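Only one chain comes next, encoded as structure tokens, the form predicted on its own.
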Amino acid sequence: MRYAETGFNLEVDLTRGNIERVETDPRDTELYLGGLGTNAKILWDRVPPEVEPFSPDNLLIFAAGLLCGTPATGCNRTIVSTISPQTRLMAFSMMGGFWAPELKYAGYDKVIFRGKSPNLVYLLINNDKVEIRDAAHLQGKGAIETAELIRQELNDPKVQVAAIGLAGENRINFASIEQGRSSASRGGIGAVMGDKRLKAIAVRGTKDINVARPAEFIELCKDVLNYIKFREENPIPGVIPILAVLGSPQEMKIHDEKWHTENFVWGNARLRRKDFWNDDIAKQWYDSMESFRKRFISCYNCPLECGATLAPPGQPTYMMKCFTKLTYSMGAMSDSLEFGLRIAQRATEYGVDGYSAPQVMAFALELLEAGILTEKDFPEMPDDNAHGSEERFYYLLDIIVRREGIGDVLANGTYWAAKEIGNGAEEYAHNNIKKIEQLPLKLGWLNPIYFLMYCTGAKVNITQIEGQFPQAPFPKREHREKFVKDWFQVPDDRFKQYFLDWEPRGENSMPYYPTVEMTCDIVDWMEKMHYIDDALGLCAGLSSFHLKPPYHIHNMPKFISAGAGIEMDEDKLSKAAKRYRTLVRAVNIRRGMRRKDEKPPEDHLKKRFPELEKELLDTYYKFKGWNNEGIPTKESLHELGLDYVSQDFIQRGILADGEEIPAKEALLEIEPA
């Protein structure tokens, strides 16, 4: 008997209209855990680096995490993986809600799509009944609207639907997949879904999931729930509001946005407004949120209620995506939160990423101001008003999603659009790492931890890399001493000492403290926790994103042992996470990624430290078992049981006897279709 997982995947060939139920190998679960881990193995095995994102041979994988559907609190994440049209690398994006547990209850761990349908379709999964259905009547419909129409069509309100909007249908490079209470947004995975002519996946399941040792598992779940209650009653003092409590950083209960609005940057990630927040703005934003928000909501099997449904007057109800509360207002240089909440509803129906879309629109306006684009490129675009570029943002969102005029170019994201526009436009595509827009953040001083996370992260989303270790030193040692007293989540007490000795000023301050070696240790720990979450299907808001979370390296092995029946300890779990993290790296290395691609935007840091930055990358690469080009060495691959990767690398001329061979080509520059 298989525990926690079902042991079966659905293989759907959209070209042929063929559906297969395929039994999986339990040894893969032990090695790669599930979710992201086994997704990476499938992409490595079945998608060669020559395959373009919009090729029928590219796969689109929807995976439920290993512990999804079990009683484990907050284990509800769907991990969607493919080759990104924006980065040309492996994309993996998580969405919460109820979809992944429903897939497990229908009897499947993953749905793997290949090929392209000749017509627009959606997939219906109802336990053992699986069929491809015509979706012509859903063409052009919004993502949330599509889900509701499918539920009405099936006469079943409990059906869970993941769908794309018009952005996905039109293959916008930053198109998302929407799922009611969450979305998978980064890397343009919605564009791949649209390219395959797949409008939606509707799932209904009524089967059971077995756990290996139920009594032990339930006790572990009780411990987590008790700790959540403790943290609700005891927020962490001295940190920003979203870190003081637990939960995904939706900020639906938080009204004080002084820190974000004054420290993150506005427009196309260029301008900080240090004096923005005042009493008048605070009241306006409070009133907007309170009037728009209808109720707090949770994802499957979670008590936190960190999401909320919003109902702008005259518009349909929707759920706010993570941090999109601010991105559109700040991108348009608007002082109105109401504008941001309204345009986010339209953007959600269209299905676009809330990080990239506002920056692309602000980028277009900067090009207009600079004379690189002209008024002729924007026929009938409204003028700015006293509240910034609000009406222009509505106009730009529409022409981008519909690929009309210059919108057809902007739809590919700032990196690719700038290359096509030319005439100095590339200078304005200044907030990219690996060709995708980053969180609009500028740092006045090099933070070595964030430097490594930004440069080397494969998730291209800083909020899904950071966590666990505080973002900055506390002002006084007595505050730090109080913080570490109950900090049992650390993998080793040395991390407590790192933090105790971290000072705001002096010898033990940034950029030379934490030291290079400490920084590597901290970043590796934080990244490892995210990768474990993404295999188990665990929400980062209860684990890797937060300080002092209920899930940590000490109890996660116990959940896997009692839940999946795979005997696990901390060392074995750490090695498994390193194995599939290295495999994700290998997929990208095979597609051309090298050290030159792992650098922050030129103006991301006000003051640069080239020698220190080089030392950080050199040391971290060695720490991870990679050579100076960032390629996993033959020795490190052997230690992880990934000899098949080194054999492939040697055959392709990427490695020779464990040493790098200079890449013949740069990161694959596949032009947007």
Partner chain sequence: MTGNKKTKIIKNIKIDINKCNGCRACEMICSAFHAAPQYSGNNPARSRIRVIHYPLKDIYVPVYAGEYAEAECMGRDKYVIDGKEYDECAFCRASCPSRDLFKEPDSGLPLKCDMCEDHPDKEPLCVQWCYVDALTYEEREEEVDEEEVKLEDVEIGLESMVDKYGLEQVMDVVARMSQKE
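These figures come from a predicted structure and were not determined experimentally. Numbering follows the first chain given and starts at 1.
As for the form predicted in complex with the partner chain, it is not shown, yet the points below apply to it.
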Using a 4.5 Å heavy atom cut-off, state whether residue 225 contacts the partner chain in the predicted complex. yes
Would residue 157 show up as a contact with the partner chain in the predicted complex if we use heavy atoms at 4.5 Å? yes
Is the gap between residue 221 and the partner chain in the predicted complex 4.5 Å or less for some heavy atom pair? yes
If you check in the predicted complex, is residue 204 within 4.5 Å of the partner chain, heavy atoms only? yes
Can you pick the one in 554, 258, 229, 477 that has a heavy atom within 4.5 Å of the partner chain in the predicted complex? 229
Of 286, 296, 445, 512, the one that lies within 4.5 Å of the partner chain in the predicted complex (heavy atoms): 296
Interface segment, criterion being heavy atoms within 4.5 Å of the partner chain in the predicted complex, picked from 69-77, 162-170, 532-540, 570-578: 69-77
Among 98, 208 and 211, does every residue place a heavy atom within 4.5 Å of the partner chain in the predicted complex? yes
Select from 280-319 the residues with a non-hydrogen atom within 4.5 Å of the partner chain in the predicted complex and write them out in sequence order. 294, 295, 296, 297, 298, 299, 300, 301, 302, 303, 305, 309, 317, 318, 319
